[in-house]
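In structure tokens, one chain follows: the form predicted alone.
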Amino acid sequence: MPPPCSPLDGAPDTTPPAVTREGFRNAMARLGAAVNIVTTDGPGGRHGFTASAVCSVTDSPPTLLVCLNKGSSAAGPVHANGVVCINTLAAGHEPLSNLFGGRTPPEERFASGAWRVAATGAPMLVGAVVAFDCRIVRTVEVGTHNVLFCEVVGVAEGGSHESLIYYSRRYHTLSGPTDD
């Protein structure tokens, strides 16, 4: 297929098409992702938020990235504490995801679920598919978000083999093998 032409001179138009905010958000709804609750505790206080923008960066040193809205009520505590625990949710954790993704006060969020303290001091969800205890080693600002680069200092694998996924603006369950 030939490249699009400029209506003025017939030359190929090399300008990429504009991507609207709505168009981008609709496209991203087609990108399925694990649902996580990212928690923190320390001098900045205990807080947590729901995130699907979590990704592996490298295994040496083991590092994940997490995207955090700069306007989020969790942003201040996360930056002040410098630690997070990324708790990957299991099937049945939809209510907990909604609680941490809404406007519920932080202290009320932690009243649901069972929590223990990770080595960094961040809350770790009992029953998570996997939890990554991390120290934030770098932060990069991009638009409305901060990208947190988090070095993993501990991993706790849960017993569930059913992960909670968010796709097409709905929760879904993904089952994995039950034997290792």
Ligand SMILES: NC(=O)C1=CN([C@@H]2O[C@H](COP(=O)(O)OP(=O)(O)OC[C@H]3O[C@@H](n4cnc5c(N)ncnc54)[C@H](O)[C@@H]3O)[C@@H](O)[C@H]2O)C=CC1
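Because the structure is predicted, anything quoted here is derived from the model rather than measured. From 1 onward, residues are counted along the sequence shown.
Omitted here: the form predicted together with the ligand. The next part is about that form.
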(message) Under a 4.5 angstroms heavy atom criterion, identify the one residue in A53, V153, V147, V126 near the ligand in the predicted complex.
(response) A53
(request) Heavy atom within 4.5 Å of the ligand in the predicted complex: which of V117, A29, V137, V140 fits that? Just give me the one. (result) A29
(request) Spell out, yes or no, whether the shortest heavy atom distance between N69 and the ligand in the predicted complex is within 4.5 Å. (result) yes
(request) Enumerate the residues of 142 to 175 that have a non-hydrogen atom within 4.5 Å of the ligand in the predicted complex, in sequence order, or give none. (result) H145, Y166, R169
